[in-house]
Structures are given as structure tokens and as C-alpha cells.
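Quick setup: one chain, the form predicted alone, written in C-alpha cells, and binding and motion questions come after.
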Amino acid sequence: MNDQTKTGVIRRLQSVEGHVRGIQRMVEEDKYCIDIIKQIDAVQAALTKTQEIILDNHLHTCVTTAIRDDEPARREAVIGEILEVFAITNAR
């Protein structure tokens, strides 16, 4: 991951971390359930966006390198990893 991408991902994760702490406070303070659910939804959306950024980076770096590799086993391994991640994601 290049420095710019890494910095952006870390910044996003720090923001998510702060929001999760905020959700915890909301629960501790017995805030309205729907407001808590909305905040959880916002955190999930932020994590999904972060996941998309990391996947995009992975496809443009690791996967591209593996596909260009002369080693067929490496290509198949990288493709298998991606399929496994999407199978897990889609099973949820």
C-alpha cells in the first residue's frame, strides 16, 4: 500500500474508532435505539468504504503482480484468496 493510501485508510479507521466509542457512550447513556442503530449503520458504511479502498489497492498491486507472474500456482493462489473473501462476504 502506498503512503497516501495507507494514510487515508488509517484516517478512516481512526474516524470509525471514534464513532464506535460514541456508540458505546450512547448505549451507556440509554440514548434512543434508532439513533444508535443509525450510528451503527454509519460505521458499517465507513468500514465498507475502507474495505473497498483496500481491495482496490490489492487488485492494482498484489493481484496484478501475481497475474503477471510466471508461476501459475501463485496466480491461482491469489485468485483463490479473492474468491474466498467474496464467498465469506456474500455468506453474511
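Residues carry their position along the shown sequence, with the first being 1. The shown structure was predicted, so the numbers you read here are calculated from the model rather than taken from an experiment.
Another form exists, predicted together with a further copy of the same chain; not displayed. Remarks below refer to it.
K.L.:
Taking 4.5 angstroms as the cut-off for heavy atoms, does residue 10 touch a further copy of the same chain in the predicted complex?
P.N.:
It does: once a further copy of the same chain is placed as it appears in the predicted complex, residue 10 has a heavy atom within 4.5 Å of it.
K.L.:
May I ask you to state whether residue 73 is within 4.5 Å of a further copy of the same chain in the predicted complex, using heavy atom distances?
P.N.:
Residue 73: no contact with a further copy of the same chain in the predicted complex.
K.L.:
Residue by residue through 4 to 28, tell me which have a non-hydrogen atom within 4.5 angstroms of a further copy of the same chain in the predicted complex.
P.N.:
Residues within 4.5 Å: 6, 9, 10, 13, 14, 16, 17, 20, 21, 23, 24, 27, 28.
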